[in-house]
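Next up: the same protein chain in two forms, each one alone, written as structure tokens (structure 1, then structure 2).
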Structure 1
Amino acid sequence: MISAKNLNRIRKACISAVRFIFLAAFAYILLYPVFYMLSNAFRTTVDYIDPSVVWLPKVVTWQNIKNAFIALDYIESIKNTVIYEMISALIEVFVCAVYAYGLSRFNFKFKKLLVFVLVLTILLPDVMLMLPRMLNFRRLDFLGILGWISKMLGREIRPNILGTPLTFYLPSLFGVGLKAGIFIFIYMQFFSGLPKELEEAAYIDGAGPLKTFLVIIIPSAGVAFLTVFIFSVIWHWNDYYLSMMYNMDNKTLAVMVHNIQDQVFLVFGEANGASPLIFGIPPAACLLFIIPPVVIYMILQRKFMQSIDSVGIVG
């Protein structure tokens, strides 16, 4: 006879077996591109043609990585990504917290309307705004004021900021940059969950709202900051639409990887036998592209998962 205790144990074992199979199957699918990259990035040209080589290359070579490094102009591209994208990612992390604080912890007229507008900006695709923004950046103006002054002065004072990092910093600074709406929303969810006593105590101690925000709220919002930081950095790292539109000359890493085949031809030329290079360089380039965000994620991962557990970015 099987006792109830054993039955329970068997049931548990079955559940975890099913769970294991299910997760393993899907993990395989998700990890497949990573395996593919790793497997293909270190092969020699002979191994691509050899049908007996499925996953493990017979000879491990660093040549593809070296070539991809050159084709991507890796150091220069990373520099561009940092200057254009990462700085604006960090700007968003801090600035969105300020706006979210204003929207979630104070009561004023039209607040509901503003929250509605916020949701609209999340909904509205960047594509829609790209072109008029680009034209605006060519002759930077705020609501036509600078244009009006130009007319008065009789000379053009509207600067052309297209191609400069300002095209990324300005929208980020005003909280309308890449995915900024989502970040403001995440912060709002977090701030509105904080107890009211936190601020009241600070007010009674004589701190103004700004000081309260800097000294009380920011230190207690570490988890929200972490969540937004990870998403902001990763989304900016991956962004290639914006840098294609606003920034033609100083190509970021994402743009370079996206155009890797052109890049291979540009750098190595057809005469030097580009066709075998076409096998090895793209996976190697992808590997070089995902390593930095993966490393950042690995460092922050434990804290990040705990933060997802404890705050709940959904409220």
Structure 2
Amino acid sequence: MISAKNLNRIRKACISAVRFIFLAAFAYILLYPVFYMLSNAFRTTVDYIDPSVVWLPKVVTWQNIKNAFIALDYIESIKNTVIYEMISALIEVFVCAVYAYGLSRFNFKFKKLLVFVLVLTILLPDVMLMLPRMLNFRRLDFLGILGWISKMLGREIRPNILGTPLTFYLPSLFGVGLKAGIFIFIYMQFFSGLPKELEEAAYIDGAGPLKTFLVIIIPSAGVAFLTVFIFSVIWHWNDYYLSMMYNMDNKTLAVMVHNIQDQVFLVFGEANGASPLIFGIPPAACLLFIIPPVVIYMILQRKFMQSIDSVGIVG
């Protein structure tokens, strides 16, 4: 007969085994695309048509990486991504913190209405806003003022900012950029938990709201800033739809990867044997695409864990 102590051990062992199997299966589902990409990025054309090759290629080649680097126009695409997407991401990190601080720490008229509008911006997908934004960016105006002046002058003075970084910078500055509503909500949740004594002490020392935000709130919200920074950089890096709609000429890396098959035939051409390259270049292009954000995330993750230990609010 099994004793109660042994029965408890068996129960714990079974729970641990079930937990391990679940986590292993979940990890496999998440990592399978990465393993598949790595396996195919370094194969030769012969290995692709060899049914005996499943995971490990018989011959490891770097030619796919070199061809993908050329097909993506990697350096130029990285530059466009930084100019159009990464700067916009950095603007959102700071601007959303300012808006969230005002919504979470001050009481004013129509505050509940603004919070309701904030929730709507989270619920509405960016795809629904593309067409009205494109029309507005094509003839940029504010409250119809420039349109009224154009009618008075008899000529169009509303600027067309499509294809310029302003199509990304302006929404970020006004807190309506890519996923800005989620970032504001994250900041609001964090700022709401900060003790009022921090601001009261700053006010006694003669600091105004702006100085209090810059000197007291920002250093105390290191975890929130890092979290939003990581999300903002990753989401802007992966952005395809906005880049494709607003910026047709200066293509970002996400757009180039999405159109990699067309890029292969455009760069190498059918006459130069582009058909065999279509097997190895797409996974190699995906590998080149994920390397920069993975490196950034690994660096920031270490700093994020350190900030949890060094930045703490008690009270």
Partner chain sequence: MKKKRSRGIEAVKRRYGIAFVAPWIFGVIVFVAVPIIYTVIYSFSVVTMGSYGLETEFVGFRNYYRLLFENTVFVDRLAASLTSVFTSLPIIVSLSLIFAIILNQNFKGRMLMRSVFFLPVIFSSGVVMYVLNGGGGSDAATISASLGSEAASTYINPIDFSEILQRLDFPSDINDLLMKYLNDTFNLIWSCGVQILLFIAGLQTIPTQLYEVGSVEGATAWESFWYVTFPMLGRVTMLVVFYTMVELFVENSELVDSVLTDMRWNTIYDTTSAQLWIYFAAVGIVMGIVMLLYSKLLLKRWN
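Here, a residue number simply tells you its place in the sequence of structure 1, counted from 1. As the structure is a computational prediction, the values presented were derived from the model and not from experiment. Each form is matched to the other, and the largest set of C-alpha atoms that superpose within 1.5 Å is called the rigid core.
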Legend entry - Identity of the form predicted alone among structures 1 and 2: 2
Legend entry - Rigid-core frame, C-alpha of residue 291, shift of 2 angstroms or more between structure 1 and structure 2: no
Legend entry - Displacement in Å of the C-alpha of residue 10 between structure 1 and structure 2, rigid core kept as reference: 4.3
